[in-house]
Each structure stands twice: as structure tokens, then as C-alpha cells.
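A single chain, nothing else alongside it, follows as C-alpha cells in the form predicted on its own.
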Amino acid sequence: MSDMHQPKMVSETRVFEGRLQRWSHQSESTRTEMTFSIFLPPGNSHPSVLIWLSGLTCTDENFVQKAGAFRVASELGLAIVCPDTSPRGLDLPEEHDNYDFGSGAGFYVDATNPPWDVHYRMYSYVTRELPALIESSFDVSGRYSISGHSMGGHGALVCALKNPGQYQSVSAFAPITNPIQCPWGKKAFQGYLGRDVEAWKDWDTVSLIKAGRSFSHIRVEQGTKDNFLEEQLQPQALKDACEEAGQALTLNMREGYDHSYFFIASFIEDDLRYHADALNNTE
């Protein structure tokens, strides 16, 4: 790795005997400077890694500040890596005009439609460049799981389905399960991928499962009072697709919970323990 692409530490904070660090680096995938946060647990060489993908409008900092994950991650000896949600530092046409497209809304796809195709390559960043960077810069095990929230839940499911064997487990909090059939997804995919709806299906969890993609087990947490439940998230479409395809799914419908980080904080411990069990299973 050239000096130009070496990550630089932005900050470090001690938390539950571990270290929460924020780093920046020049990304080859996005051709911009990218930022990520990493929690390194105490006294544990070669920790396994959970990749957390955040949702619309978020940065790498939302999860680390609001999820309440580090007490349990410290106990479990689990590293957590939180990338940003889009490239930054650009001024593409309409990039900053809306919360659900452009800045803060990369949707974890590799864009093919100009001008987004040059920089908006968050899928390659998350699945290829970031793990390579983590392994070259930190003393980690090389075993990964992946999770995320909303747009990030969509990203986690798609990354797992498209990369067999790369992740030991996958989960999602209130994911956008069928973006080709919801307003957020239609807007983003038309902008990033063009008007060919068939091309969109390669970035849609429900479509991937219907096309035969599979994972050993998918775990989803969903609040019943989520304002986006029916129009944007569509967990029933995921459930139906999994049942038809024989895909193992645990869909926990949490009574009375909404879309916020209060919901995530309420169930993050269960989720982290689920991933730690998978990461520690070497059979």
C-alpha cells in the first residue's frame, strides 16, 4: 500500500477498556477520501470483525454514538467496523439536494450511470477495499460478519447474498428488503443504475433470493411501529420470498418499536451475541 493510501487516525477514545478509533484514507473505489470508525476490544489479538452499515443521512458516527454496542462487544472480544454511507467531498449535480439520494445515500451499490459511476462504488468499497485495508492495518482474524440498519440493512443482505463464504453471519435492522418496489429504492436505483429495471434486481434482496442466491441463515429485527414499515421496508416481501425459496429466515417483529436508534439499542446485544456465536464457530 502506497503512503498516499495509508489510513490516518483522526481520533481515539477509550470505551469499556477497548479503543474506538476514527480513520480516514484515500479510497481507490470511490476516488475520494473516506472515513471509517473501528472498535478494537481489549486484550484480544486477532478479533473477529462485524461490519456495520448505516442508513440514509448517516455517517460512520451514528452507530458508534447511539447504538450502545461497545460494552457487549468488549465482553465478546468483537471488533466493529463502521464505514461511511457514501463518498464525500464531491459536488455532483443534485448530490446534496435530497436526503434519500446522493450524499449520505450511497445504497451500497456500484453505480453504472454517469456521473455517479466514477465515485459511487460503495459495494466495492465495503466488500473488497475496506476488508483489505482493515486486515493490512489492524491485528484482526480475517473472519467477518455483516449487519446494518435500513439502507444499511439492505446493503448487508445484498453483500452477504452476493459473496458466498465471505461472511459468517448476516443480520439487518429494519432493512429495505425490496428496493425495486419502494420509493427510496426506485429513486436511488434509477439515479445510480439507469432505467433498466432488470439491472436493478442484482441489488435487491428479494430478487436475489428469488433468483437462487442464498445464505445459511438471515436474521432480521423489525419494529411494528416503524413509520416506513409497509411503503419502504416491506418485510412481508422478504418473508414470502424466503418461504418460497426455502431460505432460512428469522424475522423478529418487535411490538411497539420504531425505526430509530432506540430500537437498535434495545436489541443490539442479542444481535452481537448472534454474530459472535457464528464467528466463533470454526466447524
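Given the structure is predicted, the values throughout are model-derived calculations rather than measurements. Residue positions are given as counts along the sequence shown, with the first one as 1.
The discussion below concerns the form predicted together with a further copy of the same chain, not included here.
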request  = May I ask you to choose, among Leu40, Val64, Val220, Ala241, the residue with a heavy atom within 4.5 Å of a further copy of the same chain in the predicted complex?
outcome  = Val64
ask   = So, Phe16, Leu20 and Asp258: all three within 4.5 Å of a further copy of the same chain in the predicted complex by heavy atoms, or not?
value = yes
query = Does at least one non-hydrogen atom of Arg71 fall within 4.5 angstroms of a further copy of the same chain in the predicted complex?
reply = yes
message = With a cut-off of 4.5 Å between heavy atoms, is Ser266 one of the residues that contacts a further copy of the same chain in the predicted complex?
response = yes
message = Looking at 25-33, 211-219, 232-240, 248-256, which stretch has residues with any non-hydrogen atom within 4.5 Å of a further copy of the same chain in the predicted complex?
response = 248-256
